[in-house]
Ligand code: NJP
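This document starts with one chain, in the form predicted alone, laid out as structure tokens.
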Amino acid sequence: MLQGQVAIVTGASRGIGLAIAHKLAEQGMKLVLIGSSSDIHRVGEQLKDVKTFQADVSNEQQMNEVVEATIATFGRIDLLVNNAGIGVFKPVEETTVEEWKRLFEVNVQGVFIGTKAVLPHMKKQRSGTIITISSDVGRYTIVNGSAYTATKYAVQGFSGSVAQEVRSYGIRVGTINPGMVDTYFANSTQGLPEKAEWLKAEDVAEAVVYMASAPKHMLVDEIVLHPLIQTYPVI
């Protein structure tokens, strides 16, 4: 289904983004991988039909350049995975304005800029899928997560609205909202014993493949993933 199609994946240097890159490569997709550090180029060495770019997803000029390079190289864009994200978890009184701004720059502005950049090309070809890796806290709230949670609520609203805006062009927009995932996110350590029953990055990558592979007449607008052990707040 995805063989030969072209995908852009942000935040692909490690964790969920890296797992998504490998899973899409297994499907035979041509990949453009974006990372905020030079580590992204090492990922490109592991895969074929890949171009890598070190770029800041919150920088419109840089992202536009990546998208134009993708079109110049591959001629089209079939899938955008907005995966890049950061987390800050602390009480409101301890959260700085700089932290608040940077969270919104990466987690929300980055999604907006990436989506805006690919839409003209997807509209022209009258097809495409945009998937944003959000979080289950885009549906409820958590202690010490006010700033991070606010970004995920914003992403949910943005994605839902854009989905309605572009569906007449054959473009599908959706979110994947995982709960606890064993990665390096927010400066944590991957593979700790206490994370043994958490979701794995590969679980999220499988969900991306499922959403992107859905028949063209079907929109999977949201997938929520939780580890079996996770408890949920009453809302």
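In this text, residue numbers run from 1 along the sequence as written. These figures come from a predicted structure and were not determined experimentally.
Heads up, the form predicted in complex with this ligand isn't pictured, but that's what we're talking about next.
The chain is drawn here without this ligand; in the predicted bound form, the stretch among 93-101, 116-124, 156-164, 131-139 whose residues come within 4.5 Å of it by any heavy atom is 131-139. Heavy atoms of V106 reach within 4.5 Å of this ligand in the predicted bound form, making it an interface residue.
Among residues of the shown chain, D56 is one whose heavy atoms approach this ligand to within 4.5 Å in the predicted bound form. In the predicted bound form, this ligand sits within 4.5 Å of a heavy atom belonging to T183. When contacts are judged by a 4.5 Å heavy atom cut-off, A84 counts as touching this ligand in the predicted bound form.
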